[in-house]
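Take a look at this one chain, the form predicted on its own, written out in structure tokens.
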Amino acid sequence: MRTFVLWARKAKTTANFSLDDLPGSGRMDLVCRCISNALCTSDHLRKDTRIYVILEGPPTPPITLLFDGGLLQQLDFDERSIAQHIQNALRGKTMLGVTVQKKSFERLIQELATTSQLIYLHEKGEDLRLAPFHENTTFLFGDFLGLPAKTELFLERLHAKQISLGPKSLFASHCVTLVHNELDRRYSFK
């Protein structure tokens, strides 16, 4: 299972955000692009992938969303459609494959660490192309603000391995695509 965890430190924790201004809603556009890139290919949903998004913006953080490709029946890849799914989930409307919990980044990571290899996507880590991966791997990354230093120390204590996608800082949604590309190239032909 491939798992992605995005910590969206400014994304609003209420359904009261504008579908016409996703960037102005704490960069909900970034959240939607990451979800799309994690779960959608040109012709199907990735059933072996899930993405958690921890919303840390106002008014009631933290809220953790889970989009599980193994359970989703359909997901349109565009930002607006995904934002509507997020709004519905935050309003309490149930959708197969989408859940909402009141859970912090740290608590989620502690739970995932019991069953999954933790990989922290960071510019100073080991090259992605040289790194070994387990069958169950969780890739951790932040939004445009990154992760706070105290959180990096927390990840270090949990033995999360730092992996670099290249010499430059990238958009969060691009990180997801590059990780998928590398793992697809390694494992889809076996």
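Here the structure is a predicted model, which means the values were calculated and not measured. Residue numbers run from 1 along the displayed sequence.
Just so you know, the form predicted in complex with a further copy of the same chain exists too; it's not on screen, but the next bit is about it.
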Original post:
Could you tell me if Arg129 has a non-hydrogen atom within 4.5 Å of a further copy of the same chain in the predicted complex?
Top reply: yes
**OP:** Give a yes/no on whether Ser25 approaches a further copy of the same chain to within 4.5 Å in the predicted complex, heavy atoms considered.
**Re:** no
Original post:
Just to confirm, Leu155 within 4.5 Å of a further copy of the same chain in the predicted complex by heavy atoms?
Top reply: no
Subject >> Close approach of Thr41 to a further copy of the same chain in the predicted complex, 4.5 Å, heavy atom >> reply: yes
Original post:
Should the three residues Arg33, Leu170 and Leu178 be counted as contacting a further copy of the same chain in the predicted complex, with contact defined as a heavy atom within 4.5 Å for each?
Top reply: yes
Subject >> Neighbours of a further copy of the same chain in the predicted complex among 71 to 92 [non-hydrogen atom within 4.5 angstroms] >> reply: Phe77, Asp78, Glu79, Arg80
